[in-house]
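There is one chain below, alone, in structure tokens, taken in the form predicted alone.
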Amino acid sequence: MRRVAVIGAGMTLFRRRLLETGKEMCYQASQMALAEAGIELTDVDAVVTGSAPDAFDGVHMKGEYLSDGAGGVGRPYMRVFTGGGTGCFSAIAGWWHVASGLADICLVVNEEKMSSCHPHPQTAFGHIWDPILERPLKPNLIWIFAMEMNRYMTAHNIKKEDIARVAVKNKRNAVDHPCAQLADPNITVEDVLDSEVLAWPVQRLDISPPSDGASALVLASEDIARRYSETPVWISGVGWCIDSTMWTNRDLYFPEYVARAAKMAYGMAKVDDPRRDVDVVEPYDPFDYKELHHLEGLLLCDKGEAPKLTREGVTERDGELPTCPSGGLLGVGNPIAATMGIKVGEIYWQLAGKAGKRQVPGSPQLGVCQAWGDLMQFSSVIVMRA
């Protein structure tokens, strides 16, 4: 198995109702990643795309639709889809193309255009439920996740203000991100607690915004990476795991599937003590409680301990465990699959020393990113080294 490095990354603005089509956004992100890597599209051996439901773009077979904008025409091409987990899983798919020897350079492009889904992207999820057991209840994603959030808070006696601190931290971090949609330097815990209740305990400022956007990565084999880049960042471990779709059969206070994916990735990367070794982490944060949930699932703290780390400043950009220094989905935006740019892309930029105003102090050497998807059941994890 060959070593694989990230040598370039790019992402568009994250916004609602961008004028560009999904194809155009793919092209923009790809060009930025190729330019940073110092290569041309003609150098690329294979292309992987990732995206969430076809309904968001208003087309069917979205992978085929995006292929020319993503540079897939005339070369091996595939689309992967694991819901929100695509934000890391598409990079894993690109990794195995290069690690296996099938490609020397793989371009990974993720896209989402949620503004095309009317009246709201939430409507696209009306048909993901079991038609016999669940659909008669008329569930939606917010109240399903509200149940998970409530169970997490109840199991560990967590106060709502401790969760609100995550939204405050990430929206403030996003002020330094040039692609951010909902950066806010002045937001307070009180603002979050006073925002509209959607399904208790979820309030409006607990949730990341729907977004349009695209992101891209250039993955290369070791000899290619050293030829083109002075700061390659190595993918040293990958992991993924899926749980049952039956959320009623699981205790939602802890994401066991995240822990299993993390153990797989840490084992491959030979990370014996992630709490000691990890310098920066980008967990998936579509809701503020999910950052805490996922920090625990990534085995970076004990169950129920993540709120304390946030309260004590450990997860601040200049803390002992910088968490979502990009601003995360809560601050930068949530074009589901395209969040690869603020997960894998951000860890690449941090470890390469290219994060600008977002750069965490010191010289981080080991980073972890994670994405989460489907019906509270799938996680993908990547461990990266400078």
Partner chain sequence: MKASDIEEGRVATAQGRPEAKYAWSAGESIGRFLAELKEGRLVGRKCDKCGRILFPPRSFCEECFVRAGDFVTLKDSGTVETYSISYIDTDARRLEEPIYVGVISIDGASEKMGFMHYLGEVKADELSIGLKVKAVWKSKADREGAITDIRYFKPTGR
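Residue numbers count along the first chain shown, from 1. Keep in mind the model is a prediction, meaning the values are calculated, not measured.
The same protein has a further form, the form predicted together with the partner chain, not shown here; the description that follows concerns it.
Margin query: Quick check on this chain: which one of E161, E222, D277, E134 has a heavy atom within 4.5 Å of the partner chain in the model of the complex?
Written below: That would be E134.
Item checked: Listed residue that, although the partner chain is not shown, lies within 4.5 Å of it in the model of the complex (heavy atoms), from L252, A259, V168, V80 -> Selected residue: L252.
Check: Want to guess which of 192 to 200, 279 to 287, 170 to 178, 90 to 98 is within 4.5 Å of the partner chain in the model of the complex, heavy atoms only?
Finding: The contacting stretch here is 192 to 200.
Notebook entry, point to check: With a 4.5 Å heavy atom cut-off, would you call W129 a contact of the partner chain in the model of the complex?
Noted result: Flag for W129 set to yes.
Check: Are any of the heavy atoms in Q122 no more than 4.5 Å from a heavy atom of the partner chain in the model of the complex?
Finding: Yes, Q122 sits close enough to the partner chain in the model of the complex that at least one of its heavy atoms falls within 4.5 Å.
Checklist line | C301: touches the partner chain in the model of the complex, heavy atom cutoff 4.5 angstroms | finding: Residue-level check for C301: no, no contact with the partner chain.
Margin query: I'd like to know whether C241 contacts the partner chain in the model of the complex, with contact meaning heavy atoms within 4.5 angstroms.
Written below: So C241 does not count as contacting the partner chain.
Check: Within 158 to 174, which residues have a heavy atom closer than or equal to 4.5 Å from the partner chain in the model of the complex?
Finding: The stretch 158 to 174, when checked against the partner chain in the model of the complex, contributes no residue at the 4.5 Å heavy-atom cut-off.
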